[in-house]
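Only one chain is given next, in structure tokens, and it is the form predicted on its own.
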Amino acid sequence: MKKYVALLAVSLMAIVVMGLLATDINAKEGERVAMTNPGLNLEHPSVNSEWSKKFPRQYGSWKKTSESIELEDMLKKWPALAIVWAGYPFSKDYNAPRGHYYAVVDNTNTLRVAAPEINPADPDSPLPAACWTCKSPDVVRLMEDKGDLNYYTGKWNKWGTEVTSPIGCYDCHDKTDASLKMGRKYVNDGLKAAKLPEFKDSTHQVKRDLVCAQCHSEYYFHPTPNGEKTAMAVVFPWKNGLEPEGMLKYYDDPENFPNKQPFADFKNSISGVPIIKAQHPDYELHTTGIHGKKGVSCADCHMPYTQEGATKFSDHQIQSPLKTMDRSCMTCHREDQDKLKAILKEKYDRKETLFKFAVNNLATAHLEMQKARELGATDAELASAVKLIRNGQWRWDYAVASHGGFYHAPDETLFILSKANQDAQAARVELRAVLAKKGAADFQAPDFSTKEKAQAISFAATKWPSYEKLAADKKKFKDEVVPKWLETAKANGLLDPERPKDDRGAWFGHSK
């Protein structure tokens, strides 16, 4: 009898366990079906919080990008930046990038976009409308509703009442089924130019890279006719490949541009050298590194899978993988975390050292060229040095504008920086010879060891108003103009109620 009772108890226990297991499986399946067949039907897909109803976990983790809050003033850290970018808005203000949550706030706050409607006399007030392109899912909506060329036509403040949501769901996902989607067609244009498969023909793993490449890539603004107006359209210079030398060849070819001149983002106001400003070629540099070559995607490291209860999902708190090493790194690297961190720190320190050598040599070369011009050096005498500075600054900027380059492709990053420093040193050798010829062999470049000293040199050459005047104009713009933009957006249903506030009153490159 006891035998049958025991068997009955075991059987009942097995039934209970199987029931719980079935419930768990059904719960997982129900959530999987809800995620893959969400039936979103969103009224305003560019409003990030609307996606939270179907994807609460992904949305909740995305909101944690707000934790990347610190503003680091890179001009204070590397004063030479104000010299190499003299004449370009980056010499006014440049902070290290923060979390996606702050993309629109930071773009609105920066001095680089000036203070439209407050100081229209500022030559940079405002910049082209395309400066919004990588900052918001509202751009995807505008491209769909207005057409790409109409979106690109006009100035930055044109879309102040429309672009309010920071980088979020609609940047990468289809509004009907949440599948990965390429919201910005210029990526496909770049892929076609490079003779690579378009987004629709790519594997799912490659698509996980390409949705990031929409914003984390090198680009320039190409003047494109739009009726009687000109659109400043985003173009990827991938015609000759995704390496920096191929892009330099593209930019140097006059046939690629309407004015039949080699391309330059700006002319350095100190030296007169036409400069290509690298943007953020994270995707391109990633493809040259060991992770990219092995088929590891951006999301594998920056959006690792996580578990909550019975549900596994990708973590949308996009940040440094070093903060999630157990899920980002150690799934592949079978070694001690501290050992791996030490290896990475060594690579980072080497990159920082080469960065410092290259940027200081480039800044000094710009100042030496300025002196040579003042002493009457001709364009012919300076032509070779001009070319070396242009090429060197492109290579230096390409290596460091890819913010995680020393992780994505450390060997390639160090190689590019070494070439940049070589170019800068070669330019200086030639310039010293010219200066000696002009009787100024003992010339010493002005001190640019602090942000204040470097900006004083840069602003004087550019004939900009003082930093304090620019900051005062920006504050007035934020106090008087931005609130009206937000009121209009709210009236049109485009203002996300969970949109980040203007955190800590940081207007211009400094945190409180």
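These numbers come from a predicted model, not from an experiment. All residue numbers are counted from 1 along the displayed sequence.
The next section is about a form of this same protein that is not shown, the form predicted together with another copy of the chain.
Here the chain stands by itself, but in the model of the complex one stretch of 336-344, 160-168, 97-105, 260-268, 336-344, has heavy atoms within 4.5 Å of another copy of the chain.
Site annotation in the model of the complex: the residue of Ala401, Leu322, Leu196, Ala433 reaching within 4.5 Å of another copy of the chain with a heavy atom is Ala433.
Think of it this way: in the model of the complex, another copy of the chain has a heavy atom of just one of Asn188, Asn361, Asn391, Thr133 within 4.5 Å, and the residue is Asn361. Candidate site formed by Arg57, Leu180 and Lys239: none of these residues places a non-hydrogen atom within 4.5 angstroms of another copy of the chain in the model of the complex. The closest non-hydrogen atom of Glu144 lies beyond 4.5 Å of another copy of the chain in the model of the complex. In the model of the complex, another copy of the chain lies within 4.5 Å of some heavy atom of Asp411. Taking non-hydrogen atoms only, Lys293 approaches another copy of the chain to within 4.5 angstroms in the model of the complex. By the criterion of a heavy atom within 4.5 Å, Ala380 is excluded from the residues contacting another copy of the chain in the model of the complex.
Of all the residues from 352-368, those having a non-hydrogen atom no more than 4.5 Å from another copy of the chain in the model of the complex are Thr353, Leu354, Phe357, Asn361.
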